[in-house]
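In the form predicted on its own, a lone chain appears below as structure tokens.
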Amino acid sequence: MVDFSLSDEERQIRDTVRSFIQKEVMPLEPEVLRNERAGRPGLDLDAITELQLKAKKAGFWGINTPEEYGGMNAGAVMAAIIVMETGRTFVPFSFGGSADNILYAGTDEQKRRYLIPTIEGARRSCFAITEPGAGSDARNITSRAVKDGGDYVINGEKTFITGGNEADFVMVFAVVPDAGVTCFLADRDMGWKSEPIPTMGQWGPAALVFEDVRVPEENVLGEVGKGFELAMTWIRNGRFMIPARAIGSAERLLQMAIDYANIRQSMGHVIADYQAIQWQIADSQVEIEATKWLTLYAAWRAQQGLDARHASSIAKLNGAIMANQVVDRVLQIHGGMGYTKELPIERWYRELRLLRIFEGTDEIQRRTIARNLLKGHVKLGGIGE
């Protein structure tokens, strides 16, 4: 029999994180909305760092960072549960003490210069593979890195890079002639430039430009020509975290709809009395629960060392669609007020729309899922295989 209960330790961690988010993070929501309406960042770096240090005092630092680097090493399932809790607020907060998983593939010197300072919060990174002509088809990147003595000279452009405006170094992927896609660790002072890309939501990606940027050969991450494998490791590692965050957001939004439906009067009744409202609330709950278990299953597979790629694609596709359906219903239940900037619903509406695009569009997830089935990589009817 499958046991779906959390252990006492897991429940304690979840409850502590939930309390921290409610007491320390959610009270900042009005400030975030005011700043964003004025065209400023929701929170500046100092405020985010202060929150992360408060969390560190409570024992939350490096959720999935190995203990040898001062982290919790909580595992994929617990990490997903924690992300569900942070997803309950739109304040741009995440726990500190972590670093991109592919940085652990670095040499001892690279770990000293990049990995450890990133974990400690002294450095900020970004991951750059997407190009104007290569989004989901990452194998078609055209940025080039040409060997010149002891350096590689990189030329090309990257786009929609999360954290690209704030990062002081980048894990950039470029094609080395006669070798293939390679990952380089490039400091900002090596000469690459970034420009903000305005979007309909609060996500602030960047375009990165490399013009004859010289990177020493000791800054190759992994092996020359093996960069695509590193990139896929990075992408697959966090894919089920996207629906995890969507679950927290959707549950918070649904609670807002329930609370409003119980007080909003229309034609002599609270709107919660009307079947049209009840069905929207019921459908939202069903969809959230479905995403929750698909996500936890994908996380469980990753934690057990099983291949989690197919399960993560299913969870990501389901979660992205679910979040957009729920926020649309919640806005509809609130009527005209939901459409205003007096409430954060319209903000969430714009933010959650991104989930159907980044880290693999809905179409790419469907293609992946279908291909796995059609080619026999995945068999129907299995449980836990």
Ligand SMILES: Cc1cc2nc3c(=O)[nH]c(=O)nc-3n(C[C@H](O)[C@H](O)[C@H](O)COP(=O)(O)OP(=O)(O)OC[C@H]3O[C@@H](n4cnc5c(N)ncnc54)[C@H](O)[C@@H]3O)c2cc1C
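If you're wondering where the values come from, they're calculated on a predicted model, not measured in any experiment. The numbering used is simple: start at 1 and walk along the sequence shown.
Just so you know, the form predicted in complex with this ligand exists too; it's not on screen, but the next bit is about it.
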- Here the chain appears without its partner; judged in the model of the complex, the stretch of 203 to 211, 302 to 310, 221 to 229, 277 to 285 with heavy atoms within 4.5 Å of this ligand is 203 to 211
- Among the candidate residues 328, 359, 29, 36, which is the single one with a non-hydrogen atom no more than 4.5 Å from this ligand in the model of the complex? 359
- Message: Under a 4.5 angstroms heavy atom criterion, identify the one residue in 162, 73, 155, 98 near this ligand in the model of the complex.
- Response: 162
- Query: At the 4.5 Å heavy atom threshold, is residue 81 in contact with this ligand in the model of the complex?
  - Reply: no
- Item | Close approach of residue 143 to this ligand in the model of the complex, 4.5 Å, heavy atom | no
- Query: Would residue 354 count as a contact of this ligand in the model of the complex, using a 4.5 angstroms cut-off between non-hydrogen atoms?
  - Reply: yes
- Query: So in the model of the complex, does any heavy atom of residue 15 sit within 4.5 Å of this ligand?
  - Reply: no
